[in-house]
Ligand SMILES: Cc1cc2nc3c(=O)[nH]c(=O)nc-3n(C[C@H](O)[C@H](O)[C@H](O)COP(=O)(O)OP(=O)(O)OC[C@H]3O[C@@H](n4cnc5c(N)ncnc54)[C@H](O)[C@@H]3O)c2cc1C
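Quick setup: one chain, the form predicted on its own, written in structure tokens, and binding and motion questions come after.
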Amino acid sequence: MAGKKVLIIYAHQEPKSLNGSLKKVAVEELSKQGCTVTVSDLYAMNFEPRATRNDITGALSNPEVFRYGIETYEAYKKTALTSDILEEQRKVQEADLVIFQFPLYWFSVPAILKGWMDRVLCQGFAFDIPGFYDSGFLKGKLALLSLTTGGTAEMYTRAGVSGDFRYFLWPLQHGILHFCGFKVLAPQISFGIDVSSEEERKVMVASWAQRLKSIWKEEPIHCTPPWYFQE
């Protein structure tokens, strides 16, 4: 949809990977629709994943005992976070839709992407207490996880060796995205890429491109425990 802004947080080391192809086709399709698409290529940016006191540019509120959450909360209010964090927060603030493109690592995100979440989605910017879940500060924005797995789809079922794929989505979609107020769209999961043929990978990319044609008409999932554990 013309005028919409999309931010893609991309976490893969190799542009020629399937993740790279999924990111590329998303940029192409959404741009065709008239969207403004911004990509944060975390590896190319050499994004710092570690949450440390170096993230605060001013004086600490308590220099005796360092507490990252409190210090970044206070720093955010004073615009005293480092420029890389402020730049990513600006991108998120401007976006109507944030897409996270990554390979599944240990039922979670790569460390560089987890570091982005740790550092960018700080208290004061993405949420407050109170001011989380449906009242999170990023409410009104859409978020979507597009990820690849080494394991096959059969492995990620309730009867499969890895359990239902929704189980590993709980901390990511509910504990991070929904907590910050995002409306969460159904994930795009490209299963079993390590055992897929080149033709099967092309189908995965085409399927993602096709879905993106009508992405703005999709309804968010019901981000409640039953969606993940009972349905």
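Everything numeric here is computed off the predicted structure, so don't read it as measured data. From 1 onward, residues are counted along the sequence shown.
This next part talks about the form predicted in complex with this ligand, which is not shown.
- When you look in the predicted complex, the only residue of C180, L185, V37, I193 with a non-hydrogen atom within 4.5 Å of this ligand is I193.
- Checking A51, V27, M45, V205 for any heavy atom within 4.5 Å of this ligand in the predicted complex turns up a single hit: V205.
- Contact annotation: T149 falls within 4.5 Å of this ligand in the predicted complex, judged by heavy atom distances.
- Put simply, L104 is close to this ligand in the predicted complex: some heavy atom of it is within 4.5 Å.
- The closest heavy atom approach of L18 to this ligand in the predicted complex falls within 4.5 Å.
- Taking the partner from elsewhere, F137 is found to have every heavy atom lying beyond 4.5 Å of this ligand in the predicted complex.
- Using a 4.5 Å heavy atom cutoff, Y156, E198 and R201 all lie near this ligand in the predicted complex.
- Per the 4.5 Å heavy atom criterion, this ligand in the predicted complex is contacted by stretch 104-112, the sole one of 104-112, 71-79, 137-145, 86-94.
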